[in-house]
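Let's start with one chain on its own, the form predicted alone, as structure tokens.
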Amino acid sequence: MLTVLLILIPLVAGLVTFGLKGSGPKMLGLIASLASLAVTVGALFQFRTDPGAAALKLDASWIPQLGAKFTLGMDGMGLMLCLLTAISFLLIFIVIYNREYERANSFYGLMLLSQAGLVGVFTAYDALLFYVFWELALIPVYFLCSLWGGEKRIPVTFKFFVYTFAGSLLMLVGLIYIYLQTPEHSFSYASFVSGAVSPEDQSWLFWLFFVAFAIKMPVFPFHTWQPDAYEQSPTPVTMVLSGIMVKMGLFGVVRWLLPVLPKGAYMWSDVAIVLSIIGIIYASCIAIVQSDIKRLIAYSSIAHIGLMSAAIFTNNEQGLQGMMVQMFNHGVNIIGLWIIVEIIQNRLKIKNLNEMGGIAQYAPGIAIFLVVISLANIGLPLTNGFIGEFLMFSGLFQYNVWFMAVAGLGIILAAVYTLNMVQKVIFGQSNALTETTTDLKANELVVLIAITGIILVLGFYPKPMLELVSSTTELVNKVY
């Protein structure tokens, strides 16, 4: 019941929001996101006391002619990503509460529908249902980008749609082929992981799934849609894309690729890791020379996701556990950075780093939170980003020390572009524009305090998060 509520609350609220006027849409969005977080916390307590509780599952008839069922459930990884989704949407709705959007009812309605789709992706245990939610999560974001984006939003959104749609079609072909190999012609998760696919078939099926998930993450060379989409999308949508939606690809690999095609994953793990490491170095170098703050953060996200993607295929507990923990921590940190960008862009109407400077003198609150969140984003010890990166590098070291050494260069490059960004934004010489910067408003302060609290608590005491994902790690390890 709790899992169903997590989908129903944003779904129903999103549909109702389309008919509201005035401040109704933003108010309902806030209430729905708060209710979603409360239900997620309830599910978290239920999971810790009884992971197999009926309240966390649903198994209902859906399309019996096709062997498809409406099966929902939660393991530690799914629950962690539902928690990330609930926290992120609440923080986004709080920070944009004072913003005015044209057709606000449609904007908030589409945002809530995308939340429902995301939760569906993270809880689906039927392959066809997973595919439906995968598409449902994408469609609202497509309209959000194309209707509320920047000047180049139409070609950028078209590119985003073509990439993701092509990846989805490849995955659909793979799902149908595996479905036909199952003895009972079923889309159930149990049937998919039963080993019905031969090793030869797994070798080519791997690429159908990997490309679909690599586009979503995105992994080099399937990343080219991402910087443009992040730059042209309205910042709240960029937060959803970078904080949560890229995790769909990582989640898909762990839930639907490794257990279903373990032989294929084993055959191609070196190639997948090399592509991921190329993405780390390439994106980091591009980030260093960026003058647009949105594109800089976009490329930094590619680099961080590249490390997570490499860690998935290391086939050891440290790599997988680090990647899962980092999915949550990266989501929190990158949304924190986007919130700072949203605040600065709302105040100054600029994105060019060369036009900024000296903000710390006039807005010390913005400066303090930017420094803390930036340090967490590069994995400074005692911040939430540290433990995940440490485990992922440990996993890579066990797999191949040279892979770890090259990927480790990303740490140095990340420090270069991050500290350079901080220097240009808050220190240095101010100008007539930045001298007008006003400090944080009450709602912005609340959101940034919450994010900083998560950063420091999980930095000092990551044990609860590690325990939450441990059951999923053990399950994946068994399939190799």
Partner chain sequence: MNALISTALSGVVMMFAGLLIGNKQRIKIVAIVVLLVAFAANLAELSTLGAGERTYYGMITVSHFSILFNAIALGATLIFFLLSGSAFEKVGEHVSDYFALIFFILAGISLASTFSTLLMLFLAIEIISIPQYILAGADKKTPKSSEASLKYFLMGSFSTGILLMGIALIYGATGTFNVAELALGAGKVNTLALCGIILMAFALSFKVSAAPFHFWTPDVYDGSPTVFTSFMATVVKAGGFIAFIRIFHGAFVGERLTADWQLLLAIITAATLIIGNFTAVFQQSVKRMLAYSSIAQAGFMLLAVISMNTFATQGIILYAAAYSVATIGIFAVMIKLKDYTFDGFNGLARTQPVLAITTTIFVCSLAGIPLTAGFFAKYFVLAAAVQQGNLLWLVITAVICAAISAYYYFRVIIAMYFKQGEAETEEINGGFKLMLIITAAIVILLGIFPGLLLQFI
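Since this is a predicted model, take the numbers as computed values, not measurements. Residue numbers count along the first chain shown, from 1.
There is also a form predicted together with its partner chain; it is not shown, and the following applies to it.
Under a 4.5 angstroms non-hydrogen atom cutoff, its partner chain in the predicted bound form has Trp62 among its neighbouring residues. For the chain shown alone, His185 is a contact residue for its partner chain in the predicted bound form, at least one non-hydrogen atom being within 4.5 angstroms.
Interface residue remark: Ile154 is counted as part of the site for its partner chain in the predicted bound form, having a heavy atom within 4.5 Å.
Under a 4.5 angstroms non-hydrogen atom cutoff, its partner chain in the predicted bound form has Phe143 among its neighbouring residues. This chain lacks the partner; the member of Ile176, Ala190, Val401, Leu409 within 4.5 angstroms of its partner chain in the predicted bound form by a non-hydrogen atom is Ile176. With the partner omitted here, the residue from Ile350, Leu172, Val274, Val211 that has a non-hydrogen atom within 4.5 angstroms of its partner chain in the predicted bound form is Leu172.
Heavy atoms within 4.5 Å of its partner chain in the predicted bound form map, among the stretches 85 to 93, 203 to 211, 224 to 232, 252 to 260, onto 203 to 211 alone. If you take 97 to 120 and check each residue for a heavy atom within 4.5 Å of its partner chain in the predicted bound form, you get nothing at all.
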